[in-house]
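One chain comes next, on its own, written as structure tokens: the form predicted alone.
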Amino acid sequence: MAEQFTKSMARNIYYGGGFFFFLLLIGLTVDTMLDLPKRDHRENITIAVAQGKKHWEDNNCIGCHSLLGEGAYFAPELGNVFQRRGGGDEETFKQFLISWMGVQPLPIPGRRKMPQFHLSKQEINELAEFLIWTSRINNNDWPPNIEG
């Protein structure tokens, strides 16, 4: 190696490193795109799931809750709420969600208040379908504990 670091050496390291990391980015992107269909079970997306996602977005649920680690951490993670509150039974979870949404805001002093969104029973069922679908995504066991 030369005793002095030249401009051409710096340029070669810059371009070589840039090219290497660009190829790495492309490779990881291709790997992710090939792996996603196996993990997200997109074939199970129904009209109710899509409508539930729309209700999730329209009511800005992510402004307080996180879903699969994304969103605000003001309120509980909802990526596993189906297992937590429904025990794996869809009807039990839907009844829980209808009841829970119906009694908001809870009159407990010192507790953060979830607003009353005045969603219909059908809208809550669609939101439940979205949360059930979300809970079945292969997410490497996120969140790390059952209480989110």
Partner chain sequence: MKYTSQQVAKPYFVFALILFVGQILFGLAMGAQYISGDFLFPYIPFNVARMVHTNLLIVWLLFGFMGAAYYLVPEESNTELHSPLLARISFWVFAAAGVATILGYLLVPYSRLAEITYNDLLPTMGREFLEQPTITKIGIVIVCLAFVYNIGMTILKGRKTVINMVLITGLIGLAVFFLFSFYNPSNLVLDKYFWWWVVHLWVEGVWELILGAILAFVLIKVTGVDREVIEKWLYVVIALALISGLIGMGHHYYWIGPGKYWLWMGSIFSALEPVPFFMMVMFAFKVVKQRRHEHKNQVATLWALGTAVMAFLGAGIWGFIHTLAPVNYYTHGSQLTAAHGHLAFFGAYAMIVMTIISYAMPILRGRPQGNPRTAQRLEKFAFWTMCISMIGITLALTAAGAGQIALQRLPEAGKALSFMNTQEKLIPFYWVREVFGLVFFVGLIAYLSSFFVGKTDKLANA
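Everything numeric here is computed off the predicted structure, so don't read it as measured data. Residue numbers count along the first chain shown, from 1.
There is another form of the same protein, the form predicted in complex with its partner chain; it is not shown, and what comes next is about it.
May I ask you to check whether A48 falls inside a 4.5 Å heavy atom distance of its partner chain in the predicted complex?
Heavy-atom contact with its partner chain at 4.5 Å: absent for A48.
Since only the chain is shown here, I'm wondering whether M101 would be in contact with its partner chain in the predicted complex (any heavy atom pair within 4.5 Å).
Taking the distances in the predicted complex, the answer for M101 is no, it never comes within 4.5 Å of its partner chain.
So in the predicted complex, is its partner chain close enough to Q95 to count as touching (4.5 Å, heavy atoms)?
Because no heavy atom of Q95 falls inside 4.5 Å of its partner chain in the predicted complex, the answer is no.
Hey, in the predicted complex, does N60 get a heavy atom within 4.5 angstroms of its partner chain?
N60: yes, in contact with its partner chain in the predicted complex.
Just give me the residues of 20-56, first to last, that have a heavy atom within 4.5 Å of its partner chain in the predicted complex.
If the 4.5 Å heavy-atom criterion is applied to its partner chain in the predicted complex, 20-56 yields F21, F22, L24, L25, I26, L28, T29, D31, T32, M33, D35, L36, R39, D40, R42, I45, A50, K53, K54.
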